[in-house]
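This document opens with one chain alone, in structure tokens, the form predicted on its own.
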Amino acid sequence: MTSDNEASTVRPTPAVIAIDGTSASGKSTNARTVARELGFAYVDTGAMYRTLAWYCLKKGVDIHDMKAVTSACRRWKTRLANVDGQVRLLVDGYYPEREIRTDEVSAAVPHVAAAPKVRDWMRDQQRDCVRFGDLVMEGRDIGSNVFPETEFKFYLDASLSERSRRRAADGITEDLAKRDKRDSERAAAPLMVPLGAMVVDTSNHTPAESSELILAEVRRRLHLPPAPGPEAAA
């Protein structure tokens, strides 16, 4: 999907807005909003890892065996597709939208995502997403590993208590402190604040407020006019 805003017509290469951060920090909500407001394609890299986890479970691959997971990642037949502004990783032409959100898949994701060769494969796929034009890409290593050269880097975080409250409100039980530790200590592309990233603490911000902070910074750097105020829409 190519943005038809003015900035896209003068930039020689697509813009990539990298939104990284901890679990339950608001990455998905903010990334979707920013993509929609700017007309950029949205890429959920976490969904790509979930898709691999689902595939491994479906095929009976031992998710604790990095060699087996890496082999499965090299064998499966996939392609990228832009569906209604969202870039998806299809497996044999199918996107398991509901299947990848199960508790079983969620528990398997950290294991498959820890394999270095898997992360290399995913990075190549994620970098290839620029063929769809301007992107808003969310994940845990976008600004540090996938697109370290982008000038649009944002890192979202919130207090552990607030993130835990959000997970509970969604009916999800997860040890976020353990997840943070595992992600940040991972040997391959660990979670970190990317060099030059703007850190956004969403603890005391609504999703709309957090998104506007990001949008204001992006518009400033792209020399886009600010969003019209309520009075302009009246």
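Just so we're clear, the structure is a prediction, and the values are computed from it rather than from any experiment. Residue positions are given as counts along the sequence shown, with the first one as 1.
If you look for the form predicted in complex with a small molecule, you will not find it shown, but the lines that follow are about it.
Visitor: Just one of R186, R166, R36, H205 has a heavy atom within 4.5 Å of the small molecule in the predicted bound form. Which one?
Guide: Here the answer is residue option R186.
Visitor: Residue-level question: is V109 within 4.5 Å of the small molecule in the predicted bound form, judged on heavy atoms?
Guide: Looking in the predicted bound form, residue contacts with the small molecule include V109, since a heavy atom lies within 4.5 Å.
Visitor: Under a 4.5 Å heavy atom criterion, is R179 part of the interface with the small molecule in the predicted bound form?
Guide: The answer is yes: R179 has a heavy atom within 4.5 Å of the small molecule.
Visitor: Given that the partner is absent here, does T45 sit within 4.5 Å of the small molecule in the predicted bound form, heavy atoms only?
Guide: T45: yes, in contact with the small molecule in the predicted bound form.
Visitor: When the contact criterion is heavy atoms within 4.5 Å, does D141 count as touching the small molecule in the predicted bound form?
Guide: Residue-level check for D141: yes, a contact with the small molecule.
Visitor: Have a look at 47 to 55, 65 to 73, 192 to 200, 205 to 213 and name the one stretch with heavy atoms inside 4.5 Å of the small molecule in the predicted bound form.
Guide: Stretch with heavy atoms near the partner: 47 to 55.
Visitor: For a quick test of understanding: in the predicted bound form, does each of R101, A113 and R119 have a heavy atom within 4.5 Å of the small molecule?
Guide: Yes, because R101, A113 and R119 each have a heavy atom that approaches the small molecule to within 4.5 Å in the predicted bound form.
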